[in-house]
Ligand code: GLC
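Just the one chain here, the form predicted on its own, laid out as structure tokens.
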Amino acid sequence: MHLFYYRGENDLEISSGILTGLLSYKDESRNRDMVGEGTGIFDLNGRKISCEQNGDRIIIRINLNENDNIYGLGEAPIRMRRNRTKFSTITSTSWDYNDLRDTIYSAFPVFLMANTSKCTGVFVNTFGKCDFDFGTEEYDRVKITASVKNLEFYIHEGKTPEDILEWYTSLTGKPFEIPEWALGHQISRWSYFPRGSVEDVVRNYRKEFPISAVYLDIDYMDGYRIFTVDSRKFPDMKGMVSEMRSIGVEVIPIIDPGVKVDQNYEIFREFIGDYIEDKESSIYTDYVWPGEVAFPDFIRENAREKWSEMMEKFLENGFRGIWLDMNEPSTRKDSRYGSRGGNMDPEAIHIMDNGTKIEDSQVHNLFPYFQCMATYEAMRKKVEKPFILTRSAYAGCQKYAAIWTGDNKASYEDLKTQLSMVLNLGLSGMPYTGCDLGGFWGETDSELLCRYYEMAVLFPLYRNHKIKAGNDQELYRLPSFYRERLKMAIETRYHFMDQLINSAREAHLHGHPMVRPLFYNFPQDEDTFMIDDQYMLGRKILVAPQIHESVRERDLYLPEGKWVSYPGNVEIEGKQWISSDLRIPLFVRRS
């Protein structure tokens, strides 16, 4: 491991406090592997690395070799291979995102540069905005520009991508142990309510399709106040949760971070003294679903403890899973974003445990990290294997939560985008990932819905979700032709459930991604680095989804080895291109 630790001229306690404490670094790693400190030029086995401070920015340049293939940066909605792209890591509201956006919900300032001989991992531990330019401004260099005063920079060489993931998750933490039920087929909508409607939807699904969980969106709450239940819509939430579990279905409620500003609201009063503040030392407020809200300052231990206490009490309803949404955090006051929302004021003030005040721009990405931490710590006291699904995250969040790719827009273009996002999240340390099957925004016809289910058949998370104004996409409502296709996709997933469980266990123990691009398993095969429309579950199962509109046959690549088609059991010798017209081209490697 190689560490470059940079402290700017205006050093803050956060550098030695949260930077180290966040990722649980060991002191001996600093002493053993420190490459340099301060401004200068360094060398890693012939790869030049330079660092300089330019005003309030830190700029790092890394030599880029002609045969380097770059991946990572989490769920950035751009092509899977990141060469000749630019993107910024800062947690941001990303409604209707597409490949023209330069930010996304989460921030993963980690990437790898891979070729057939070695793989190099880079991690920039910085909590503010960080811009990555992979050879557009300077053809032969990666340029990293961090708009912060302090950061930690890590670079590590290994023989394979797997070496890099093991190294990276040894720094940031191994993924939590996901419960097996969370790997099943899940259903959601904004929103299923009241109780009778939830029960009807679940009952109709279970006549034809297995489901393991149903999600409750914001309408289950009393006036959108977090940690409350509308007793008119759900008069006995605990009883409903118990009844659902008795038939094998978990109930997962949504929790947003904004606390309604209301002196008559107990939750609001409890957090007074531990909210994010404005420049005048008053409570910083903004607007979300319940109206004017304040935000707990999760950087503070006291705020996290209060959140955990409230979460523990809320879990008395029997919930074993929690859905954290809007936690970039998303707001509505910022007029630049219109009514759909914006981001927190970058000049809002956080107060450290030692009393140091710091602007949000310097620590923005820590908001979802510490919210996930506080939620997980509460759930561990109540649930044997907690499950948290988060929309926003920072490096290290894999210790606490799974992630989905947020509010995608239904389209054939989105199918390939989701594949890239999920694979790169895995390469960024987040193994438990998925997307809104069918697309959250827009209209989804039956054929497109089938393509989502078939494409994601072995994604770690498998959840159907839709906006209120979108079409009804409950599977049991569809014509029989499409219902049969969807049954086949879901049956295929459950056929390979043991492999999903084993892959999740491997992720938990070693930090390996559950689903991987082909080059991850076959790094000596040059053909695999450019393939972005196939994936593997673990080491032996390959899926080449049909993701192109009006196309039923596709070419696909089988790496070396003997492969057997599923279904059909036809053996094919690998290291060749073949064609397939199967709905779900899927192959299992025997050797």
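Note that residue numbering begins at 1 and tracks the sequence as displayed. Remember, it's a predicted structure, so these values are computed and weren't measured experimentally.
Below: the form predicted together with the named molecule, not depicted.
Undergrad: Can Asp407 be called a contact residue for the named molecule in the model of the complex at 4.5 Å between heavy atoms?
TA: Flag for Asp407 set to yes.
Undergrad: Residue-level contact is defined here as any heavy atom of the residue lying within 4.5 Å of the named molecule in the model of the complex; does Tyr284 satisfy this criterion?
TA: No, no contact at 4.5 Å.
Undergrad: Is it the case that Trp95, even though its partner is missing from this view, gets within 4.5 Å of the named molecule in the model of the complex, heavy atoms only?
TA: Close contact exists here: in the model of the complex, Trp95 approaches the named molecule to within 4.5 Å, heavy atoms only.
Undergrad: Examine Glu377 and determine whether its closest non-hydrogen atom to the named molecule in the model of the complex is within 4.5 angstroms.
TA: Heavy-atom contact with the named molecule at 4.5 Å: absent for Glu377.
Undergrad: For the chain seen here without its partner, which of 480 to 488, 177 to 185, 237 to 245, 216 to 224 has a heavy atom within 4.5 Å of the named molecule in the model of the complex?
TA: Heavy atoms within 4.5 Å of the named molecule in the model of the complex occur in 216 to 224.
Undergrad: Among Phe193, Phe87, Phe268, Trp190, which has any heavy atom within 4.5 Å of the named molecule in the model of the complex?
TA: Among Phe193, Phe87, Phe268, Trp190, a heavy atom within 4.5 Å of the named molecule in the model of the complex occurs only for Trp190.
Undergrad: Between Arg451, Arg391, Arg516, His364, only one gets a heavy atom within 4.5 angstroms of the named molecule in the model of the complex; which residue is that?
TA: It is Arg391.
Undergrad: Honest question, do Ile254, Trp289 and Phe440 all end up within 4.5 Å of the named molecule in the model of the complex by heavy atom distance?
TA: All of them do, each having a heavy atom within 4.5 Å of the partner.
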